[in-house]
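One chain comes next, on its own, written out as structure tokens in the form predicted alone.
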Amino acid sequence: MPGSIEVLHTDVLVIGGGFAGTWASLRAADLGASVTLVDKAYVSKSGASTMSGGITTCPLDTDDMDLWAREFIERGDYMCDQRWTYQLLEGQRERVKDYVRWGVPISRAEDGSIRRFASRGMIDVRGMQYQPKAAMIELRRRIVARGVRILDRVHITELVTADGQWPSNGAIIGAVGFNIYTGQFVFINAKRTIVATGMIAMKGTHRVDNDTGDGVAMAFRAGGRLVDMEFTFGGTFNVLMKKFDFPSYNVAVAHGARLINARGERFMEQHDPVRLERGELSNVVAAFAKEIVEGRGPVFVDLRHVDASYWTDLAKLHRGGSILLSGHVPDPRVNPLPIEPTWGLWASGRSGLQIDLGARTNLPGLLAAGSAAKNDATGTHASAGSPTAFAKVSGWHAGETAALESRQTDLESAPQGLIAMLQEKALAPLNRARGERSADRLHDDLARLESSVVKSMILSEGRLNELLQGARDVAGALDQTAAGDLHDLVKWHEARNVSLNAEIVYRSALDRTESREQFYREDFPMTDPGWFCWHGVKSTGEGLAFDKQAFPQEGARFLPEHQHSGLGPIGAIMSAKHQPAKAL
């Protein structure tokens, strides 16, 4: 039988406790709003923000923001809102000052100044190396001091709509969920709700196991508009010799690390002779895959050329970085180490809920920040450091907007019986008899969809339909899958969200009939200027509805001379038709 329902009231509800969520909470509390921050794990000890590689975009007062903005806009193929580009850079400049003022550990040059590196994928833009874990601990301390109510270990299962419909024609008035230790069900009634739950990813295929796109899926069910979901496809380097986490590819290449094949060749010289391993991560992973496909693997990360500060900063600024000198792996100062990429659902801001300059979504009462939102500052590009910068800045703006709007808004009650219905639905897997599939099995089945880097990267109608069927199989098995305990129940809800997000991504990829940036369809290998737009998708009573939306001209300072056409970059790399000059 369902237990009691705890009801909490707040001006601002923030779902997700990474950089986006904590900065939103901090800003909203500073403006006098009552704030409740909910995380399914523990704020400051989990999620991507604590393991973000330790690189973030670092603009200073002395930098030319036009120069930086232009590079972000051009690298993102002009597929952005340029007002957001400037908002990101100006906001991040202030966040860096906050970190300095708070004493967050930052890599320093001999003269005490911030040591800055060329950001991956960039020439002029610079990033800094810092300790993200320390930053998160300090953020938690500060929001607690401001009276923010933190609900750790509470898993949110659904956004609550004012009309009790999904998708909704009404406002978002809070959310429901349960404590993962006690099972206590809670309805948090809020004037404004901010989704900041991190990126979309498969459980078990990346280092951050609890980033399963929960907020994106909940918002989509409620009628939220998502954009560019096919650009969720992406890759990174995560695994060192299969058993040890590689501290950070981004940090390593910033210090001078190289990628070499089995012949000892630095193969990125063929594809991007200026930026080399610091090129767009999607291009680097594609070049890596080409080496494997053509028999020149395995591929190694060569740390023999990094500067001396790499080794000292590694131990100080990156949690777990000292594994490289622990004796558990061959001494990387002498031996290049095998490295493996991943490719699949890994958004990093290239896709997600579309937000305006105040971080509002299309749903009244709902805002979004961080990797749950589309980063309209950088378009389809995700330079090293820009996703974390966007999390902080979009979180700050979401908190400000939510706090100010809550002053003019009354709490709206949920329709009669709605919360009890949501409780019954959320806890239903606990009352089912065990079947053939478990929650773990559902995630295993989803993870198998990404078992091949090459097959995940080189898409086609046939391949996408295979992936789509796999996601639908998991979604279809949910109603027959039981949860043996509350831990299983969390995984059940994560599988529900991952399978929905995967279906949206695969359907969006089928709808986009071209190749662009890291998105590559073998059956549509050319970039089509007709797709120079935001590609939106919403849930309707009849299913998914897609649309195209032109980029805003307001505030646009840099415009392309012409729309790009020709082979997409991944297709060009894989077909040996890549022109390095195009990458500069």
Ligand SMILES: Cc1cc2nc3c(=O)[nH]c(=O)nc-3n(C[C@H](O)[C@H](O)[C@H](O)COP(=O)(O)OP(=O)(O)OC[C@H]3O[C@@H](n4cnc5c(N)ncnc54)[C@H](O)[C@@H]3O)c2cc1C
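Just so it is clear, the model here is predicted, and its values are computed rather than measured. In this text, residue numbers run from 1 along the sequence as written.
What comes next is about the form predicted together with this ligand, which is not displayed.
Trainee: Please identify, from 524-532, 37-45, 24-32, 537-545, the stretch that has a heavy atom within 4.5 Å of this ligand in the model of the complex.
Mentor: Looking at the partner contacts, the answer comes out as 37-45.
Trainee: H271, H155, H443, R360: which sits within 4.5 Å of this ligand in the model of the complex by any heavy atom?
Mentor: The option sitting close enough to the partner is H155.
Trainee: Which listed residue (G385, G234, G365, G224) meets the criterion of a heavy atom within 4.5 Å of this ligand in the model of the complex?
Mentor: Contact with this ligand in the model of the complex is made by G385 alone.
Trainee: With the partner left out here, check for me: in the model of the complex, does some heavy atom of L324 sit within 4.5 Å of this ligand?
Mentor: Contact with this ligand, no.
Trainee: Please determine whether M218 contacts this ligand in the model of the complex, using a 4.5 Å cut-off between heavy atoms.
Mentor: Close contact exists here: in the model of the complex, M218 approaches this ligand to within 4.5 Å, heavy atoms only.
Trainee: When the contact criterion is heavy atoms within 4.5 Å, does I15 count as touching this ligand in the model of the complex?
Mentor: Yes, I15 lies within 4.5 Å of this ligand in the model of the complex.
Trainee: Hey, in the model of the complex, does G54 get a heavy atom within 4.5 angstroms of this ligand?
Mentor: Yes, G54 sits close enough to this ligand in the model of the complex that at least one of its heavy atoms falls within 4.5 Å.
Trainee: Is every one of G76, Q87 and A377 within 4.5 Å of this ligand in the model of the complex, counting heavy atoms?
Mentor: Not one of the three qualifies.
Trainee: Does anything in 330-349 come within 4.5 Å of this ligand in the model of the complex by heavy atoms, and if so which residues, in order?
Mentor: Stretch hits, in order: W346, S348.
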